[in-house]
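We've got the same protein chain twice here, in two forms, each standing alone as structure tokens: structure 1 and structure 2.
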Structure 1
């Protein structure tokens, strides 16, 4: 697969422009990736905390153990 139309890569690489798509947007993509990563962990933390609080309210040790085995 070529994004620039070359079918033969035996060329002078100094004359070749972009060799991969979205060149120049690495910083934006990095910021989006880190934001997604942090957001995913935040959502996971909130959901797990809700499950653990629900498990604490049950009061039955067997049910608590069963709910905690999910993690």
Structure 2
């Protein structure tokens, strides 16, 4: 049993099309992929918001003045 549908290459290549593993699961793979992408944006947005909130408190006048010197 091969995940790609072929167990050896002694075949007529003219009849060979897709050779990736688990053919038939493409829609499920797409759903997982989209969830990964959307989930990434969510995690990034939440983390960035927390960072910025924290950084606003850190940014006292002295620190800002110091950073302004660094062009």
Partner chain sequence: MEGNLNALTTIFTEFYYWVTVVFMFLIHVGFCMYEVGASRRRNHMHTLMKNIMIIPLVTVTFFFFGWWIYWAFPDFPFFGGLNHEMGNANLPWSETMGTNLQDRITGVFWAAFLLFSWTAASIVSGSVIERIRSSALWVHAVLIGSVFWIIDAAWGWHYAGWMVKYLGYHDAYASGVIHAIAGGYALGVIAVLGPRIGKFAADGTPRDIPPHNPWMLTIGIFLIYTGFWGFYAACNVPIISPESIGGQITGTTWTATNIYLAPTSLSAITFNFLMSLSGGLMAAYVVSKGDAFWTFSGGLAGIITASAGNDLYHPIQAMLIAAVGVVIVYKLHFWVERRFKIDDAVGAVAVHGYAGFVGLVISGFVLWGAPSSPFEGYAAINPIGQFLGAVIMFFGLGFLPGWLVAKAQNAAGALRVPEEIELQGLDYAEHHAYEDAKAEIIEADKAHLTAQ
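Residue numbers count along the first chain shown, from 1. If you superpose the two forms and keep the largest set of C-alpha atoms that fall within 1.5 Å, you have the rigid core. Just so we're clear, the structure is a prediction, and the values are computed from it rather than from any experiment.
Note on provenance: structure 1 matches the form predicted on its own. Relative to the superposed core, residue 24 undergoes a C-alpha shift smaller than 2 Å between structure 1 and structure 2. If you fit the rigid core between structure 1 and structure 2, you'll see the Cα of residue 11 move by 2 angstroms or more. Superposed on the core, the two forms differ at residue 66, whose C-alpha moves 9.3 Å between structure 1 and structure 2.
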